[in-house]
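Here you get one chain, nothing else, as structure tokens; it is the form predicted alone.
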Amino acid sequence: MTLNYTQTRLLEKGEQIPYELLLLADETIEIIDSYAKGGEICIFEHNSQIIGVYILYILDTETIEIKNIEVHKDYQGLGIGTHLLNEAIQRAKEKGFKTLVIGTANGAIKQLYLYQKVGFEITGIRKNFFIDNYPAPIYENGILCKHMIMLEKQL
């Protein structure tokens, strides 16, 4: 399948937030709303369908975070996740940020691989993050997600 990688754009005011995709990476709409309303939502479309999304959220004058990034399961493995990460990196650079942050669960093996492949480095662990912040246990790759692994990329 050939995809046109110029199809990423900002979600416009009044457009529906793509919760169905975002909920694949986060557990509740309330949690998503806590960062989506103040963040910049970027979507990737193919044949007028949103198949990828990420949200950038400003932490301070020098640091911005990718709060959620997801590719529709039918389109995974085609390089879209890498494209979205590289685009987020470029967008953060253009906005003048010095550091881009991303966090993922201790069981998110594919994500940890991908993030490091595009230049992120592990900088910390937020112990018991998922236990303290989510009402039900979360499993990924058969592993109980307890901790958030934090990664950064210097821009």
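From 1 onward, residues are counted along the sequence shown. Given the structure is predicted, the values throughout are model-derived calculations rather than measurements.
The same protein also exists as the form predicted in complex with acetyl coenzyme *A (ACO); that form is not shown, yet it is the one meant from here on.
Asks: Which residue, N106, T99, Q111, S34, is the contact with acetyl coenzyme *A (ACO) in the predicted complex, using a 4.5 Å heavy atom cutoff?
Replies: Selected option: Q111.
Asks: So if I measure heavy atom distances to acetyl coenzyme *A (ACO) in the predicted complex, which of the stretches 59 to 67, 90 to 98, 121 to 129, 42 to 50 falls within 4.5 Å?
Replies: Only one stretch passes the 4.5 Å heavy-atom test: 59 to 67.
Asks: Would I138 count as a contact of acetyl coenzyme *A (ACO) in the predicted complex, using a 4.5 angstroms cut-off between non-hydrogen atoms?
Replies: So I138 does not count as contacting acetyl coenzyme *A (ACO).
Asks: Applying a 4.5 Å heavy atom distance criterion, does C145 contact acetyl coenzyme *A (ACO) in the predicted complex?
Replies: Judged by the heavy-atom cut-off of 4.5 Å, C145 is well away from acetyl coenzyme *A (ACO) in the predicted complex.
Asks: Taking heavy atoms and a 4.5 Å cut-off, does L24 contact acetyl coenzyme *A (ACO) in the predicted complex?
Replies: So L24 counts as contacting acetyl coenzyme *A (ACO).
Asks: At 4.5 Å, heavy atom to heavy atom, what parts of 61 to 87 sit next to acetyl coenzyme *A (ACO) in the predicted complex? List them in sequence order, or say none.
Replies: Contacting residues: I66, K67, N68, I69, E70, V71, Y75, Q76, G77, L78, G79, I80, G81, T82.
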